[in-house]
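There is one chain below, alone, in structure tokens, taken in the form predicted on its own.
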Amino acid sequence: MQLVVNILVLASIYALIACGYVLIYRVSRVLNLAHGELMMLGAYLVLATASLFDQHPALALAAAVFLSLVSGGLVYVFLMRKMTGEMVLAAILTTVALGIFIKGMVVLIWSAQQQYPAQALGVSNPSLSIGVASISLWSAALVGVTASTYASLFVFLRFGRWGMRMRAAGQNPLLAAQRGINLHGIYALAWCLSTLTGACAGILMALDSGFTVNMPVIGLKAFPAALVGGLDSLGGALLGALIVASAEVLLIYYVDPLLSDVVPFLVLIAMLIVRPWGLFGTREELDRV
């Protein structure tokens, strides 16, 4: 039972991070390789807001989430918008540079030491019992946030006005622009939502066990989950996260814990050999990368 809980928690982490990769890629065909750093930035923002809203942890968390949302929009407006119409490789390399800049910035401001936002907020992390298994409060919250995020995104993209515009822009940006859709607004919205979901994952992981400047490694490990499921499919990201997390937890438990950083990429290599465009991805979209 504990093994199932561990798989569920890890799959929720990967799924919440992977949906950020998918949101940007399916709209603008850009791989955001700074997603892990933006996720880490959300966790550091909790440290900043904790001092501003002393004794009010809910307000501090809400402010950190809001600032993460804003930072995603600012990244697009001041950086990625200039990459519109350029080669895809140029946009990808720009995100790499952005990730390096964010990591250097947070080290200069907060140092590279282990940080514990839960202590700064004054909140606890009790263990909850599920039968014979146990799960921490913030891990349970992460599972719930992942489920509600995917449900909200599915409804938003399927029935929401702006969600349908995002789908249209991703399928045929030229036709969407001719029909009056503001592509820059759509791209900015995709970056905001992507950064928001990543920041939520980073904040909840940081509250659960603390974090360091190496947190982007987790974002990198979630990237295979998005690729296994298909970079243009939210449902694929969810299934890909479950596959990668299951393989990782089982191999850690039955073989060697040192394999934890390797397993996601072994699964990715196997998927690239069998089905390079992912379980639910489309062949046509992959050919354009």
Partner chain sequence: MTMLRVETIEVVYKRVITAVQGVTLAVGERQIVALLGTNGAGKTTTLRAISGFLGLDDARITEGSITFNGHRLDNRPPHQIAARGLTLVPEREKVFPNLTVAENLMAPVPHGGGDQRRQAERVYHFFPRLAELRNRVGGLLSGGERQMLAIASALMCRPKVLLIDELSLGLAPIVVDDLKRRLVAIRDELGISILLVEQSAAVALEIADYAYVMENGRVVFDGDRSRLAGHKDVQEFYLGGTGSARRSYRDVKQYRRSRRWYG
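Residue numbers count along the first chain shown, from 1. Computed from a predicted structure; not experimentally measured.
There is also a form predicted in complex with its partner chain; it is not shown, and the following applies to it.
- Here the chain stands alone, but in the predicted bound form its contact with its partner chain, taken as any heavy atom within 4.5 Å, falls in 173-181 among 118-126, 142-150, 173-181, 93-101.
- Within 4.5 Å of any heavy atom of its partner chain in the predicted bound form lies no heavy atom of residue 188.
- Contact check for residue 133: every heavy atom lies farther than 4.5 Å from its partner chain in the predicted bound form.
- Although the partner is absent here, residue 79 is not a contact residue: none of its heavy atoms lies within 4.5 angstroms of its partner chain in the predicted bound form.
- Put simply, residue 83 is far from its partner chain in the predicted bound form: not one heavy atom of it is within 4.5 Å.
- Distance criterion of 4.5 Å from any heavy atom to its partner chain in the predicted bound form singles out 168 from the list 74, 88, 137, 168.
- Residues from 1-35 do not approach its partner chain in the predicted bound form: none has a non-hydrogen atom within 4.5 Å of it.
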